[in-house]
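To begin, one chain is listed below as structure tokens, in the form predicted on its own.
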Amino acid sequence: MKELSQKVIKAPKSKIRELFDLAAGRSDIISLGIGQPDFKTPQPAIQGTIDALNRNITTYAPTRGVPELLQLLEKKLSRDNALNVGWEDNIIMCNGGSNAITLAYASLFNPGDELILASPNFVSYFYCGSFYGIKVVEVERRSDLGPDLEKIEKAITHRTKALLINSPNNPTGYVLKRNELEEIATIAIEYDLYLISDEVYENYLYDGLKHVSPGSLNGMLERTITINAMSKLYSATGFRLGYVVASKSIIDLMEKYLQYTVAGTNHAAQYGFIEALKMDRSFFIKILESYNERRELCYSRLKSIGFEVHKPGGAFYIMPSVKPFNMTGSQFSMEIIKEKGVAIVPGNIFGSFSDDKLRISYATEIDKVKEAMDRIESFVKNL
């Protein structure tokens, strides 16, 4: 038999899935691994989907999305993100934020083009790049887990086509400040680069931090591809609804790519998203307060246990270093799940500069977070 695709073969299987395979069949496991909100999907989103199914909305959806949904997103983008775009030309629905990444890659890059990002970063950015022949260039983050913009600028070559940012960030929880975004915009304009901005965690912000969409900055609207999704704000990861905001020429290419690959997104679920967007955002206030409580708990406990750790400004992840314990993140992750039943993702899956780190998700009920911290402390004391 002739060989199979080397591009796919060389991409490793998900280490997160391997972790959960280890946990399978064990009732004592506490998971600090999954990047999924733990509150219930709001009822309007569920009912909107049910009502659509009852109306027999089970056909193919328009490739770009249901017009009413796109119009609501246009208003949301103007109100929340200062992105003044048109629903007919500048927005397209897709199958979750993950599909949004592949749409951006498919429409921007040719084989051999380079993409620069700060590392560690979200795992899909790396491995999806290989499927499109992209050279992903990692630039090590600063010690506080922010991007080193001086090193990023030095990494630019004649092959560089785009920069990629994710703020608030998965896995570090770092939130880009406005001055950092303005510097990134200056670099993108000076070197004529596109900017891919993944903003799926835009609502998970703490300590008074504010989200800024770089596409709203001067000169950036046409060169920014903004990625977002329904999943995090509405705890609707299984709806698989994301969206992309970009120039008409890019959205046109994305529409073509969708037509020949997945033919569109879940039709009925889009009506659930419509009802979610009509909701008063106040439902999220207490949820965010709960996440902040868990964040403070994780930070204080990890620091007292002896980890090197920076307090995250957003999302629901914290990324401590295990250097004080003379272990790698992988060793720590494998041993603690076996000995203490705590599932934690090793940092090395998020790039080349995080062998010493762990990614902890605190998107689980606080009593379980407390118990997990107790188990981690017990594990460390026995090292």
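The first residue of the shown sequence is 1; numbering continues from there. No experiment lies behind these values; they were computed from the predicted model shown.
If you look for the form predicted together with a small molecule, you will not find it shown, but the lines that follow are about it.
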Test of understanding: in the predicted complex, would residue 197 fall inside 4.5 Å of the small molecule by heavy atoms? no
Taking heavy atoms and a 4.5 Å cut-off, does residue 201 contact the small molecule in the predicted complex? yes
Consider residue 232 of the chain shown here, and say whether it contacts the small molecule in the predicted complex, taking contact as heavy atoms within 4.5 Å. yes
Could you tell me if residue 97 has a non-hydrogen atom within 4.5 Å of the small molecule in the predicted complex? yes
Please state whether all three residues 323, 328 and 361 have a non-hydrogen atom within 4.5 angstroms of the small molecule in the predicted complex. no
Contact residue in the predicted complex, from 206, 299, 122, 109 (heavy atom within 4.5 Å of the small molecule): 122
Can you work out which of 310, 211, 240, 161 has a heavy atom no more than 4.5 Å from the small molecule in the predicted complex? 240
Report the stretch among 289-297, 164-172, 262-270, 129-137 that approaches the small molecule in the predicted complex to within 4.5 Å, counting heavy atoms only. 164-172
